[in-house]
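Below you'll find only one chain, the form predicted alone, shown as structure tokens.
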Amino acid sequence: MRGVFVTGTGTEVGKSVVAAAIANTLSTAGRKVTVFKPAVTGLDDPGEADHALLRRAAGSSQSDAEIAPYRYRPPASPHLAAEMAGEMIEPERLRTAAAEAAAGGDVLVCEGVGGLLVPLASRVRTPMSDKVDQPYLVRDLALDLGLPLVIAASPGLGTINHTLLTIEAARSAGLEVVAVVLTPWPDQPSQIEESNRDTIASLGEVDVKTLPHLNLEDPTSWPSLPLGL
């Protein structure tokens, strides 16, 4: 599977925007891009859903179900949203759906849900058994897909700790972190924001990119976000 897995240091840190910018960059460069998101929650909230933004950014014709096999209305963690809907997210279904999405293009852009340690399923049935095992996390899916990781983070105060913890959680599990993207990066960054960028790059030993505020209605205005994929 060729592509990238986009995660965040938490919620509301620009993960969907970063994933969309990567997809748009690859598509503009002539690649056939497919997109995937294991679960979408918060469909009751106004605004464009994450999977719809990804599809538009990539120029993809994938259906909602092909992009996001699990979709829920409440703005909750996916494991809880699934439980509220009377079902359980199945890791094998996610792996199969991601592989099918990847097979439809040259490169796959996968956007996670929340951060790496967010549970997709609070408990997982062991194959060939009714035994319930440990939770299945977003990090587990990234490992199963074998994709390099891009971390979306905010540029402001507090981001050093959140970002370095996410890098550590990724690398300790064997994931490759190819870049951190700070967004929305201001036109005139403050001393704190510039220091945060440089400190994360130095302490995290990682490439740190920046992405300004995007007009989501006009992908043609977006700057390129190349990652060497």
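Source: prediction; values computed, not measured. We number the residues from 1 along the sequence you see.
Just so you know, the form predicted together with a small molecule exists too; it's not on screen, but the next bit is about it.
Participant: May I ask you to check whether Glu12 falls inside a 4.5 Å heavy atom distance of the small molecule in the predicted bound form?
Facilitator: Close contact exists here: in the predicted bound form, Glu12 approaches the small molecule to within 4.5 Å, heavy atoms only.
Participant: Answer yes if any heavy atom of Lys37 is within 4.5 Å of a heavy atom of the small molecule in the predicted bound form; otherwise answer no.
Facilitator: Within the cut-off, so yes.
Participant: Can any non-hydrogen atom of Ser27 be found within 4.5 angstroms of the small molecule in the predicted bound form?
Facilitator: Heavy-atom contact with the small molecule at 4.5 Å: absent for Ser27.
Participant: Would Ser60 show up as a contact with the small molecule in the predicted bound form if we use heavy atoms at 4.5 Å?
Facilitator: Although the small molecule is absent here, Ser60 would stay clear of it in the predicted bound form, with no heavy atoms inside 4.5 Å.
Participant: Determine which one of 182 to 190, 195 to 203, 163 to 171, 63 to 71 lies within 4.5 Å of the small molecule in the predicted bound form, judging by heavy atom distances; exactly one does.
Facilitator: That would be 182 to 190.
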